[in-house]
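For reference, the chain that follows is the form predicted alone, supplied as structure tokens.
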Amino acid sequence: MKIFESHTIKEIDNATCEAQNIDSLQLMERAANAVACEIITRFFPTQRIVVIAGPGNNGGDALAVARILYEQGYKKVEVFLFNVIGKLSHDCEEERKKLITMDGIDFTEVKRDFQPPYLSENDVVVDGMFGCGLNKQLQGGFMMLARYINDSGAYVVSIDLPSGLFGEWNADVNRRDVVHADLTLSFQTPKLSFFFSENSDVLGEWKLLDIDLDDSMMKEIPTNYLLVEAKNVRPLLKPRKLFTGKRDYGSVLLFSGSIGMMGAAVLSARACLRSGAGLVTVHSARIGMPVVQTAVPEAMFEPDRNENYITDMGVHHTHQAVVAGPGIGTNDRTVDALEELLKTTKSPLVLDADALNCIARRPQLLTNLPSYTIITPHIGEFDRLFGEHNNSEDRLKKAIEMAKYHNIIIVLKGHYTATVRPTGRVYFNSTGNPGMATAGSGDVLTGVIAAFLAQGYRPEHAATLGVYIHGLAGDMAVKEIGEYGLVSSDIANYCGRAIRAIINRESPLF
């Protein structure tokens, strides 16, 4: 699913009106009906609902929602239209005209002084002050109104965006001055700002409402931001042929583990096998041989000459994917071994965890990364590699810059893991849950990505597939185990079932 920047939304709206032979007011009615229907599914007609409408089209949406709710039997609807400069957008004015003809509706048009309504935690506020057309931070009375709503404890439903939040970048926004929604109802496609952790408390739950925007126009308009869904992943999965053997599905060499950290090797190897790799070889400290051979008997073990940590990362056989990092530690000799690997390997490469920490100790190693290397940092590892960042927006911008500069793929892990390609395109992931915030989850992800690399998938596809399937495996496991009880081995064990669910178009994925 494409994620469009705010300035393109108007183009899509106009194209929809032209293609479907409707005017903008009819499109507004369509949006308002979708919002009203969502509110109706959540609240009884006896609910007190206070609608706050601004002077633009977002306000027009809110006025239309108020009218529809009143027509559907919601008699405790109070409407406040803020027209402080005496100028409404055309569609907002038309919705105002419709509303004031209705008998019994509680309507106030605010032009100067304003006595805010009493709000309590028992009330619902429909926030329609400003949507994605906002071009500056809230000031004056609007800022104070946002704070008043936030302090009231009322349940807030924001139309399109919480008022005061921009559709893309909000690093300089004081979120105290932004309406804090419990539910954000956006139209057709998400906004980029939905995917940054700093905005989660402002957005609350967000949901997309289908208002039948013109599909051909959305396909035509380019964007660098996309949300990955099952329908995007399924065409990438290659069917397996009848007459095949294990070598048809690739060999993975996994440099992983050290004394006290052999679990990382076990998790990565297990995930790799569960995701379809034909052969997996774990190269690790000698001490790890009985652990790996017992926990993952399907994997081969290649002992390092050192008892406790890895000192040799030579690739002595043909492998379709090479992985380094999970649990290897940052011993100087391990860093030396990694440096030699980066300089000599010809195989597609995945670097995670301690491999990234090793590089952070010798930043010049970044220049040795082969093209299309996949690195999978969490935010701490990312900042160790590329410098401290104050927020997730700046971190994503830096990831885009570094992916282009080094010609690598960066999998920036988080709730909406962002896979950043060397082209600058960003693929946000739609699967996963808080239960996956557990030790070893990243080791599993590394194994999944490596499995697809080994099977011949292009690095950018292997990364995107791996992230989606890893999250889906976690979603499937959590249904049985729960968020509190989920451990990383559960995620690994569900990888095969996650792939099957995508191939078989299982509900509710499709």
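For clarity, every value in this text was computed on a predicted model and none was experimentally measured. So that there is no doubt, residue numbering starts at 1 and follows the sequence shown.
What follows is about the form predicted together with a small molecule, which we do not show.
Comment: 159-167 is the region of 279-287, 73-81, 159-167, 385-393 lying near the small molecule in the predicted bound form, near meaning a non-hydrogen atom within 4.5 Å. Using a 4.5 angstroms limit between non-hydrogen atoms, G133 touches the small molecule in the predicted bound form. Although the partner is absent from this view, I408 stays clear of the small molecule in the predicted bound form, with no non-hydrogen atom inside 4.5 angstroms.
At the 4.5 Å threshold, heavy atoms of F187 reach the small molecule in the predicted bound form.
Mapping the unseen interface onto this chain, A154 falls outside it, with no heavy atom inside 4.5 Å of the small molecule in the predicted bound form. The three residues L351, E460 and T464 each lack any heavy atom within 4.5 Å of the small molecule in the predicted bound form. For the candidate set N232, N368, T345, Q137, a heavy atom within 4.5 Å of the small molecule in the predicted bound form is found for exactly one residue, namely Q137. When you look in the predicted bound form, the only residue of M300, V335, I211, V110 with a non-hydrogen atom within 4.5 Å of the small molecule is I211.
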